[in-house]
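Given as structure tokens, the chain that follows is alone and in the form predicted alone.
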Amino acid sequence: MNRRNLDIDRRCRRLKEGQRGQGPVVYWISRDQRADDNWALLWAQQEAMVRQKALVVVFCLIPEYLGATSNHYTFMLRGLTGVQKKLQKLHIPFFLLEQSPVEALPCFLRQIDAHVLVSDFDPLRMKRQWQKQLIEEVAVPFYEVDAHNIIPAWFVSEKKEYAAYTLRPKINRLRDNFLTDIPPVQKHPFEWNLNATGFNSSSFSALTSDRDSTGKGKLPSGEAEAQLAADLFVDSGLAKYPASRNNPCVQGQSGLSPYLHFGNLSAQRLAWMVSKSELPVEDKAPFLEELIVRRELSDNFCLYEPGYDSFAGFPEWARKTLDLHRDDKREYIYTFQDLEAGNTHERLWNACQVDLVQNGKLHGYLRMYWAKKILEWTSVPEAALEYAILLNDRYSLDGRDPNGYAGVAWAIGGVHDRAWKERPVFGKIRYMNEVGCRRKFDVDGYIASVYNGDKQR
């Protein structure tokens, strides 16, 4: 790797010129928590190889992040343990710094006289704010690599897309060129003489021992587990996906969203596996639509819409119709505490909330219904949006994610949707209820499975 790889370089953009130091290249790993299939790590290693420098990976751990709970931290830290071990075998030191990036990274970079700083891409507000502060505070060149999307978010579109139908053709024009196999990271040939006094890697065992995962669905985390789950889905679940994906009573979805959220699994690797499957194209297309178009549409929304988690982020037609129906009488109004406890008059909704709390995830079709009922049962749409985001971020393993924010905004605020038949409270926002769910699946069977503890996962 003594020359530039254009396939890696096109996924990178420079955020700051800066002055190169004499020390190692530093990869600040955040959203894409894996050693394999990681374009950001590959770009950092390429840069280190070309410059004949050592390579260091750093993760910044903060005690609170957007409502994340003990379950989320346990899942994340156990996965990072595997990353640390894999990087160690590749002669790449890994540091876990127990501070926010804006507190830890400038000092760390100065102390080791870092050559450059590389980060993975994240469209969420807090990550962009950290990035903006680091651009001001660090002296070295700063690069960003999109290792989460198949086509870099800033490359596929330079604006907020209205809906899937406006983004899909842009993705389709580029997909074959970007959806490739991913080269492996190499054992790094340039060692680093440790000189970062006071920056020792924290003990993962000590950190995870204090965080008890109380959910019944203790999904194993890490790259190895994610790859096993992906292999199992492609081998035995993909063929059933088109017919069974909207039925919560069967294991019709992939169940891979927590791994994709934490970056244990590369979306590009998964898409590559699916595309190379021997199944007919029509059997693979629905899953690839969700994995590529819908997922990258969510990143587009959060990247280009500053109010992605607010009423202001809804399209104009949706804000107008919700405003017109603000004073409509609600048959039921529940507090956040009622909703969190699954204490409403509707057994299906209560079962959804219990399922979410117990297992850390909720079937995609049910999550749409779940969010729409929150709109129906709160006094104003702003409260509905706030409650839905809080519950999703607190209890779902894939919370605090563009997919979650875009999904809630779709359900409550018509984002990426169109106007429908007007009705009380909802206005022209698409309506869902239990009657519609009963036409799709065995509602009573689902409720029983949740409360009996034998729900398929």
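Heads up: residue numbers just count along the shown sequence, starting at 1. Worth saying up front: this structure is predicted, and the values here are computed from it rather than measured.
Beyond the structure shown, there is the form predicted in complex with a small molecule, which is absent from this document and is the topic of what follows.
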item	value
4.5 angstroms heavy atom contact with the small molecule in the predicted bound form for Trp410	no
Partner proximity in the predicted bound form: Arg31 to the small molecule, non-hydrogen atom cutoff 4.5 Å	yes
Cys60 within 4.5 Å of the small molecule in the predicted bound form, heavy atoms	yes
Partner contact for Lys428 in the predicted bound form: the small molecule, 4.5 angstroms, heavy atom	no
Residue (of Lys372, His188, His261, Lys361) lying close to the small molecule in the predicted bound form, criterion heavy atoms within 4.5 Å	His261
Heavy atom within 4.5 Å of the small molecule in the predicted bound form - residue from Cys352, Leu105, Ala114, Met76	Met76
Whether Val293, Arg295 and Met368 all lie within 4.5 angstroms of the small molecule in the predicted bound form by heavy atom	no
Contact segment among 384-392, 31-39, 416-424, 45-53, judged by heavy atoms lying within 4.5 Å of the small molecule in the predicted bound form	31-39
